[in-house]
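Let's start with one chain on its own, the form predicted alone, as structure tokens.
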């Protein structure tokens, strides 16, 4: 258990809802869930979640801290916003899901081998370098995220599609070395640095 996690447990003890409210983006909305299940029924990946959103909210209110924060469920969210659009109470469910995933990651207790967590981290690292996603770099990273052998096998199986994309100029090998970027990359890095400082200050406050 990390020092940060130990401190959080000591700070909030059995009041996990208070901890979520204080540390998770839009976490204060969890207590507003009325357990209707519309979010779960609206989610394209609903059948694959270990715990659908309304169940996670119930578990938070029941104080099941470790079970929630070590769950792979939050990492299944693809930000389609169906749940947000259909929630009768207008809960920002997508934000809460990403907030829980990020909080578990900060505490060092997020599931290590979870595929969608790997994708999320690879996507973020790719995006923050230039401010725009380099699709070729990201694709190659995804192919090899489970090891070299798995990456080669995946690349060979997708070779036909790759050649087709190059023929139609939808993919260029040169993109790997360049690609699109925003004009003010230094400004982006400054914003991200400031955001990390704000998060650190928040952790120290609570």
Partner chain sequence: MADEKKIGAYICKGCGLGDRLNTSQIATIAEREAKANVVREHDFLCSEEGVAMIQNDIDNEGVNHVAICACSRRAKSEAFNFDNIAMSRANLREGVIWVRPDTDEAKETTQEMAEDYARMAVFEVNFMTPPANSGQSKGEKGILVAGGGISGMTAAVEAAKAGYKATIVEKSATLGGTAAQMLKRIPQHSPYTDPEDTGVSELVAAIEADDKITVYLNATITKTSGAPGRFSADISTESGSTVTENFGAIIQASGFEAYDANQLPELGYGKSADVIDQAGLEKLALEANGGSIKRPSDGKEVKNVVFVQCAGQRSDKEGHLPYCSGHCCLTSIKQAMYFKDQNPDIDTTVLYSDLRTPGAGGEDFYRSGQDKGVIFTKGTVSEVKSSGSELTVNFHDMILNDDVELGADLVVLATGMVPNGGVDIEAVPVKDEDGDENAAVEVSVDSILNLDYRQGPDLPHLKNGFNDSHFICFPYETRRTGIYTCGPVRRPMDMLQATEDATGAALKAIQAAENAELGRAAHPRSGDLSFPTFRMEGCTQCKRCTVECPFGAIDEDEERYPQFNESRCRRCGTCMGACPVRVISFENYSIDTVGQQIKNVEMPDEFDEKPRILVLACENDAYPALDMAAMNGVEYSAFARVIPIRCLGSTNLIWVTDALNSGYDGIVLMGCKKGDDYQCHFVKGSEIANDRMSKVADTLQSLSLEPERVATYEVAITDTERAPQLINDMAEAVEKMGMSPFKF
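Positions refer to the first chain, counted from 1. In this text, the rigid core denotes the largest set of C-alpha atoms whose superposition between the two forms falls within 1.5 Å. The model shown is predicted, which means the values in this text are computed figures rather than measured ones.
The same protein also exists as the form predicted in complex with its partner chain; that form is not shown, yet it is the one meant from here on.
Although the partner is absent from the chain shown here, 17, 31 and 62 each have a heavy atom within 4.5 Å of its partner chain in the predicted complex. Residue-level contacts in the predicted complex: of 138, 171, 58, 155, one residue has a heavy atom within 4.5 Å of its partner chain, and it is 58. Only one segment in the set 31-39, 142-150, 173-181, 160-168 has residues whose heavy atoms sit within 4.5 Å of its partner chain in the predicted complex; it is 31-39. Taking the partner from elsewhere, residue 112 is found to have every heavy atom lying beyond 4.5 Å of its partner chain in the predicted complex.
Fitting the two forms on the rigid core leaves the C-alpha of residue 40 displaced by at least 2 angstroms between this form and the one not shown.
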